[in-house]
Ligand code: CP3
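What follows is one chain in structure tokens, specifically the form predicted on its own.
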């Protein structure tokens, strides 16, 4: 039953002496078994759309470490791919997309209800995982938040300051808002189908939320999250939702109440003590060990892990990194982190 799973208990508001643990990008390039499976798939996108291999890499860190949750192996840019944008990955450089900077480019995109055939392999991956995960392991689905996905669609790639998206937002607000609405509706459909396929929790990754300031944060980070969560709760009232408006700073305060999120994930630009005081007061918090500790390890990793557990011990907490684990991480340091959390 779901309530026996540590992650689900934290999301329901339970304070646990030993918090549940999972890790963003826990299936990834730092693991030799992942690299071998990716080579078998041929390329990154082929791995995402191969249900058997995507399920395999999702399961690898569960077998190795016994995390309390598995997160679907996919990518936040599969929605633009399904909407009809061209998507490819350049080795060592990351994603590339056809751009949406003019009305004619937007007009060729599919509607939010027309994405499911393209994304059917992702739903199949979840169905496979539902049958193969240990009974105590929760299954997390996810999507990128509209703002973050839009930044890639507008620029055609990742950018250091999301400048092209900010420029379009200012110069052609009507087109920008139309893209945001299309992404919001598509995200609702995508996450709803993930839940239908077996996801017990879903997470919304707004990796570039921190570049939105003032009213823009409310309009383009908070409001889309609120809309997505409200629609999902109407369809799936018992499915908890984690929101991650990365580098939101003071905008983390009140984010759970304003959006309806069951948990707010925080990055490591805020201290755990601050997050406990200002964010955890509203419910479950996820985070927020610096991913650099997975590279450097040692006593500093142990000390910071213990600090985090102590800081969040007064309320519901999911232990995680403040950002995804990096390819240069040492798998042994992941085990050291887990042992430190579980041994107290």
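Numbering follows the first chain given and starts at 1. Bear in mind the structure is a predicted one, so any value in this text is a computation, not a measurement.
One more form of this protein exists, namely the form predicted in complex with the named molecule; it is left out here, but the text below deals with it.
Put simply, of 121, 254, 95, 210 only one has a heavy atom within 4.5 Å of the named molecule in the predicted complex, and it is 95. Residue in contact with the named molecule in the predicted complex (any heavy atom within 4.5 Å), chosen from 307, 278, 29, 64: 29.
For residue 147, no non-hydrogen atom is located within 4.5 Å of the named molecule in the predicted complex, even though that partner is not displayed.
In the predicted complex, at least one heavy atom of residue 34 sits within 4.5 Å of the named molecule. At least one heavy atom of residue 76 is located within 4.5 Å of the named molecule in the predicted complex.
When contacts are judged by a 4.5 Å heavy atom cut-off, residue 152 counts as touching the named molecule in the predicted complex. Only one of 108-116, 256-264, 182-190, 201-209 lies within 4.5 Å of the named molecule in the predicted complex by heavy atoms, and it is 201-209. Shown here without its partner, the chain carries 5, 139 and 319, none of which come within 4.5 Å of the named molecule in the predicted complex through any heavy atom.
The partner is not shown here, but in the predicted complex the stretch 31-57 reaches within 4.5 angstroms of the named molecule through a heavy atom at 34, 38, 44.
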